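What follows is one chain in structure tokens, specifically the form predicted on its own.
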């Protein structure tokens, strides 16, 4: 097996290759003035299993197209198997039709992966694991959960009895898993969607967290509106400590700064998207464990 770094995940690619002591292919790329991408795969791939590492964080369409172009070219060049490691999977939230005529982007994205020559797709905490695993049924898929790695990070905060909070019932599986590993209680907040504006907000309810250490866990943050509402509500109930963890951190630097300024003690995210403005948990080991178990 050889590792091929995509333009968006060079550091993670290098870490995976180093841990597994696998050769790292070179990808020559540049962006033209019109926005199109030039790609050139350098190295021998004939009869080789190639693992592309490329997240699809914004700009999603560009990152997605790069994967499709690379995987198709690898098969054309004679690669025996193409494994796509996509730490953050774009369009995963668009997995069902809520209104007539809505595009189910998740299913289309998954079919594009398969039709481009990808044999195996690996992601981290897909928005809806069941929908992810059911899509493109002829493609082998793995959805890795990094909540246990979060638990290990939280255990560094010794002598603290955490109350784990999820922003809504949709996060219940992650919240319950963290609660089970850490042996701490949990609760979930309630979301409210305005029927006219469709804006989502957190219901203003009383939370019993006064003088408690609170761990707020969310799977993804982008605009930050829901996260900010949740943080404000928790802080209003006067916890002694608040740490906010999100698996996929797509938020702007301004949103992260706003959350910090509200009084959050620490923000943690995984490196499914590379960041330098928050504490990050490295997902490389979870990926290498899977590759070793299944393909090496």
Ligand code: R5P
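None of the values given here were measured: they were computed from a predicted structure. Numbering follows the first chain given and starts at 1.
Keep in mind the form predicted in complex with ribose-5-phosphate (R5P) is missing from the figure; the text below concerns it.
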Q. Residue 224 near ribose-5-phosphate (R5P) in the predicted complex, any heavy atom under 4.5 Å?
A. yes
Q.
If we define contact as a non-hydrogen atom of the residue within 4.5 angstroms of the partner, is residue 81 a contact of ribose-5-phosphate (R5P) in the predicted complex?
A. no
(Q) Since only the chain is shown here, I'm wondering whether residue 189 would be in contact with ribose-5-phosphate (R5P) in the predicted complex (any heavy atom pair within 4.5 Å). (A) no
(Q) Would you classify residue 213 as touching ribose-5-phosphate (R5P) in the predicted complex, given a 4.5 Å non-hydrogen atom cut-off? (A) no
Q) Thinking of ribose-5-phosphate (R5P) in the predicted complex, which stretch from 177-185, 70-78, 112-120, 213-221 has heavy atoms inside 4.5 Å of it? A) 213-221
Q) Which residues, if any, of 92-129 lie within 4.5 Å of ribose-5-phosphate (R5P) in the predicted complex when only heavy atoms count? A) 93, 127
